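Shown here is one chain on its own, the form predicted on its own, set out as C-alpha cells.
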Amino acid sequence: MEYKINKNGGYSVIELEGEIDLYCSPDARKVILKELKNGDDMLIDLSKVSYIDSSGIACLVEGYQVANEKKVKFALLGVSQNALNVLKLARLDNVFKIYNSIDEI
C-alpha cells in the first residue's frame, strides 16, 4: 500500500493505492487517525485500491467513528469497483458518504 495526503477545498484527502490487507492496514489506520487529529474534514480516495479486506474496512470504520466524535466530515472518494464490492457486502455503502469525484461535494 502506498498513500499520498493532499489538501483540497478544506478537506484532507488521503489517496490510498494498492492492496489494503491485514499486513498493511495498520499503516492505513495510523495515517487516517493522524490526519483526523488535525480536525480537518476528510476524504479517503480509494480509486487506486485494487484489494481491500475486512481489516482495511475496519480502518475506514474506525476513521468514520473518530470523525463523528470530532464532528468532522468523513467520506470516501472514487471508490474502485473491488473496494465497492466489499463495502456492499458489509452493507457499509449506505453508511459512508461516497463521491465519484471531488466535484460532487
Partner chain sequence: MVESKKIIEMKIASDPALLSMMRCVVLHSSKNAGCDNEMAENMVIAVNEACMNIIRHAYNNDSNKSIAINVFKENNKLIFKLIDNGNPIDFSKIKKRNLDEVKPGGLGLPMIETIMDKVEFSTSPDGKENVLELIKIKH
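Numbering follows the first chain given and starts at 1. Keep in mind it's a predicted model, so treat the numbers as computed, not measured.
Omitted from view is the form predicted together with its partner chain, to which the following refers.
Novice: Indicate whether its partner chain has at least one heavy atom within 4.5 Å of a heavy atom of E69 in the predicted bound form.
Specialist: E69: no contact with its partner chain in the predicted bound form.
Novice: Quick one: is D21 in contact with its partner chain in the predicted bound form, heavy atoms, 4.5 Å cut-off?
Specialist: Close contact exists here: in the predicted bound form, D21 approaches its partner chain to within 4.5 Å, heavy atoms only.
Novice: Indicate whether V61 is a 4.5 Å heavy atom neighbour of its partner chain in the predicted bound form.
Specialist: Yes, V61 is a contact residue.
Novice: Any chance Q65 has a heavy atom within 4.5 Å of its partner chain in the predicted bound form?
Specialist: Judged by the heavy-atom cut-off of 4.5 Å, Q65 is in contact with its partner chain in the predicted bound form.
Novice: Does its partner chain come within 4.5 Å of a heavy atom in each of S12, Y99 and I105 in the predicted bound form?
Specialist: Not one of the three qualifies.
Novice: What residues, if any, in 81-100 have a non-hydrogen atom within 4.5 angstroms of its partner chain in the predicted bound form?
Specialist: The stretch 81-100, when checked against its partner chain in the predicted bound form, contributes N82, N85, V86, L89, A90, R91, L92, V95 at the 4.5 Å heavy-atom cut-off.
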